[in-house]
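In the form predicted alone, a lone chain appears below as structure tokens.
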Amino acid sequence: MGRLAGKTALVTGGGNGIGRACVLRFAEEGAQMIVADFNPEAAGKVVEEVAAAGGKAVPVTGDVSDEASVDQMVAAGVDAFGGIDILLNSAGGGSTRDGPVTELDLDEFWRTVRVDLFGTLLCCRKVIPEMVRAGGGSIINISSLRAVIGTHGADAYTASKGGVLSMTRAIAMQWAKHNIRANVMAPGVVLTERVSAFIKEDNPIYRKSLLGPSEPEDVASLALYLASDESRRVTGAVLRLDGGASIY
């Protein structure tokens, strides 16, 4: 029996990067997967990977920043598997249009907040009632190392991820009575395909990360712990995965 046998997990941003790695790891451990992504082709490919390995998964297409779209995503997942036990909010990210508060593009600020923070809020808002009906569940939100230490050059992303961190703690406190846990992963640099394209080995981040930057699979391992019953007494936690960078 896998560590997530009998559970159903919804992963947003599941078509690539961290989300894809988490989908594959959860499925390997026995979870039925709802793979949500803005890109239907990406979601479909990951579902095919899960099926090829003997797992069960369904793709759902949607925009986490749109309430009607999130409603449809959740409903499709519940229709497929009867409920949702695990929610991993992986959809989001920053862009090169971000910057210091005095310089960043204001449209980019609102786009980032709408996807990273509001999108996480919407998914929690729609999934929590399903978890209450199921008798409990695990919510895993992805913040960032930027939200817990001082950084520069990405203030929209920092603000939105800081909001995710604080909101998760509030959710943990309010919904513990329903056996719903809510925790935060705060990764440093994770070498997804997108990040690897512009962060090279001469980047200073390699010196700050005492153990080196993380791979998506490293994040998936931590997410698996938070999704499983092994973390049944863990809620409101902020778990850093930064190779030691925050020691500085």
Ligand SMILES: NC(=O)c1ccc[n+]([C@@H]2O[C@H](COP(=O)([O-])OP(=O)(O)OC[C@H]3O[C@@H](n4cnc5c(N)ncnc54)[C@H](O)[C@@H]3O)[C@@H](O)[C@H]2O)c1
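Sequential numbering from 1, following the sequence displayed. For clarity, every value in this text was computed on a predicted model and none was experimentally measured.
Note that the form predicted in complex with this ligand isn't included here; everything after this is about it.
- Mapping the unseen interface onto this chain, Pro187 counts among the residues with a heavy atom inside 4.5 Å of this ligand in the predicted complex.
- For the chain shown alone, Asp63 is a contact residue for this ligand in the predicted complex, at least one non-hydrogen atom being within 4.5 angstroms.
- Among residues of the shown chain, Ser228 is not one whose heavy atoms approach this ligand to within 4.5 Å in the predicted complex.
- A residue is said to contact a partner when one of its heavy atoms sits within 4.5 Å of a partner heavy atom; Gly77 fails this definition for this ligand in the predicted complex, lying far away.
- Residues placing heavy atoms within 4.5 Å of this ligand in the predicted complex fall in a single listed stretch, namely 139-147, out of 98-106, 165-173, 139-147, 126-134.
- Think of it this way: in the predicted complex, this ligand has a heavy atom of just one of Leu122, Ile86, Ala91, Ala156 within 4.5 Å, and the residue is Ala91.
- In the predicted complex, the residues of 28-62 lying within 4.5 Å of this ligand by at least one heavy atom are, in order, Asp37, Phe38, Asn39, Gly62.
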